[in-house]
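The chain below stands alone and is given in C-alpha cells; this is the form predicted on its own.
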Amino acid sequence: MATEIIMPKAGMDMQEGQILQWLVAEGDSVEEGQVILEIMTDKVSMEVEAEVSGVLLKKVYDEGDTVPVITTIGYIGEAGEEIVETTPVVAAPAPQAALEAATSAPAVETPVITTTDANGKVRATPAARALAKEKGFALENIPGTGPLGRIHKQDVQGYREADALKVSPLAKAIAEDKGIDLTGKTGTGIGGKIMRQDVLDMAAPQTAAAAQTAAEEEAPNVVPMTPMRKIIAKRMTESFFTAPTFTLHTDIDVRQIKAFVAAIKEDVIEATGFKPSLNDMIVFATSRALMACPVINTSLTPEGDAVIYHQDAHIAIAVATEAGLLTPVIRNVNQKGLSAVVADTKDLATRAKSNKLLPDELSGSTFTISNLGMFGITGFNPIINQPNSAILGVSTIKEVPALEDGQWVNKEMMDISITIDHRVIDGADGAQFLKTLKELMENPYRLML
C-alpha cells in the first residue's frame, strides 16, 4: 500500500506550510531518508525526507501551494501501484479553545525525550543517523519532528549546524550546469542553505529586469504573503482587536547604566566572548523588575476568567529579519547572571537573522521587549505579543539640557513605554513597573544585589 507524504508539524504554533520545491519528479525512485522536498513553515524553512524507499507515485500539491499541517501532500509506493486514497487527508482543526490553551499555557522546562521503537531503538532516518554519527551527537538527545518523534536530517542540523557548505540538490545541479562557484556563498534557506532561487539570482541578476516590458514596469508588483507574514498579520490583528490596551511612557537617564556597561565590558567579554550592550542591560533589568511587579509577568487563561502568574521571566526579544519579525525567547532570565543573559541574547539574535532558530525557541514567552532605538525612533506604542499581558518599547537616546546641582548638563535620556492588557493589568501596576525599571537602570549597582 502506498505511503503518504505528510506536511509535518514543526512546533506547537505551526498550522500550515508552504511547498518551496519538490526535489524529485513523479515516477522517480527515492530512498528512505532522501530529501524529497523543501517547505517553509511560519518561521523557518526545512527539508522533508522520504519515510520509505520506493517511487514517487503522485504529488498532491505543487510548488508554491500552502497546505495545512498533517495533510497528505504526496504518495510513495511501488512502481505502477494504484493509489487507494488520492483525496488530501486534512486533520480536523483543533477546537479554538484548545488552540488558545496551547498558546496561552506557561512554558514548562522539561527534559528532551525522544520516542523509541518497540526494540528501544531511537527512531531516525538513515541520513539523520549518518550525520549524527559523523558529528558525534547522541540521537537520544536530539528532538525529532517526524511522526512518532522520528529524527530527520534537519533535526540533527538544527541541534548544531555543521560548518560545511549547505546547498539543496536542485540548487547544486543548476549551479554546476551554469558553472557557478558556490564556495563562500550563503542562501536564504535554513542555516544559510543555498536554494534554487538563490542560484538563479546569482546566474542572471539582470535577466528578469531586461526582459520586462514597459507595461510590466509600470504595473504594481503583487507579492503573495509568505507563511511567516501571514502568521504575523493574523496574530497582530487578533491582539489588536482582542485586548483593550493603553500605553504608558517614561524617560530614563542612561548615563549611569552606560558607565556601568563600560566598566564591566572586559570582564563580560572574557567570560562570554561577547561585548555587553545597553540592550542586554535592559533585558537583565526587565527580568528583575518583572519579579518585583509580578502582575506584569502574567497571561489571561483561554476562558478569560483567571490570570496565570508566571514564576519565571521568559523574555522574548523582537528581532527584525529580511523574512519578517521573529521573537526568540530567553528562558528563565530572572535566574541568570548578566554574562549568561549577554550570551543568550547574542546567540538568539544572531541565529534569528540567519534563520537558524528552532520552532521551540520562538514560543513560551511571558513578556516581550521591542527595541527600535537603533532606528532613531523617539517613542512608540508596541502591540502586545499574545498571550503576554504586556510589552516593553525601547526608543533612541536623546541629549537633553538640564540643570543639575546648579550647572547645565546634557542628560542622555531614553524613552521607554509599556503597552498593557487592561483586562489583566491596571494603570497603576504599569506605572509601578516603569518606575521600578527606571530606578534599576539609573542605579545599576542595585542589579547586582
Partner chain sequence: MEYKEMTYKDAVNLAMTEEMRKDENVILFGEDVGLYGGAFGVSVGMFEEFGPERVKDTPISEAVIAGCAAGAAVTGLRPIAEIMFMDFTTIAMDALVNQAAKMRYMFGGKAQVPMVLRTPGGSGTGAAAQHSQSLEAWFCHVPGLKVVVPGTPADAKGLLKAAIRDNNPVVFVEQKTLYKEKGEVPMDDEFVIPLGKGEIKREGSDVTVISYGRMLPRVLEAADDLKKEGISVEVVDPRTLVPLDKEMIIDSVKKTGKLILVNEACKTGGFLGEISAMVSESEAFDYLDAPIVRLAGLDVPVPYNPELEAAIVPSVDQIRQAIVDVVTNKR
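All values derive from a computational prediction rather than experimental measurement. Positions refer to the first chain, counted from 1.
From this point on, the text means the form predicted together with the partner chain, which you will not see here.
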The partner chain isn't shown here, but in the model of the complex, which of 150-158, 358-366, 262-270, 299-307 has heavy atoms within 4.5 Å of it? 150-158
Considering only heavy atoms, tell me if I180 and the partner chain come within 4.5 Å of each other in the model of the complex. no
Look up in the model of the complex whether G379 has a non-hydrogen atom within 4.5 angstroms of the partner chain, and give yes or no. no
Residue contact check: A130 to the partner chain in the model of the complex, 4.5 Å heavy atom: yes
State yes or no: in the model of the complex, is some non-hydrogen atom of T245 no more than 4.5 angstroms from a non-hydrogen atom of the partner chain? no
Proximity to the partner chain in the model of the complex, single hit among T125, N371, T327, N334 (heavy atom within 4.5 Å): T125
Would you kindly say which of G77, G187, P227, G146 lies with a heavy atom within 4.5 Å of the partner chain in the model of the complex? G146
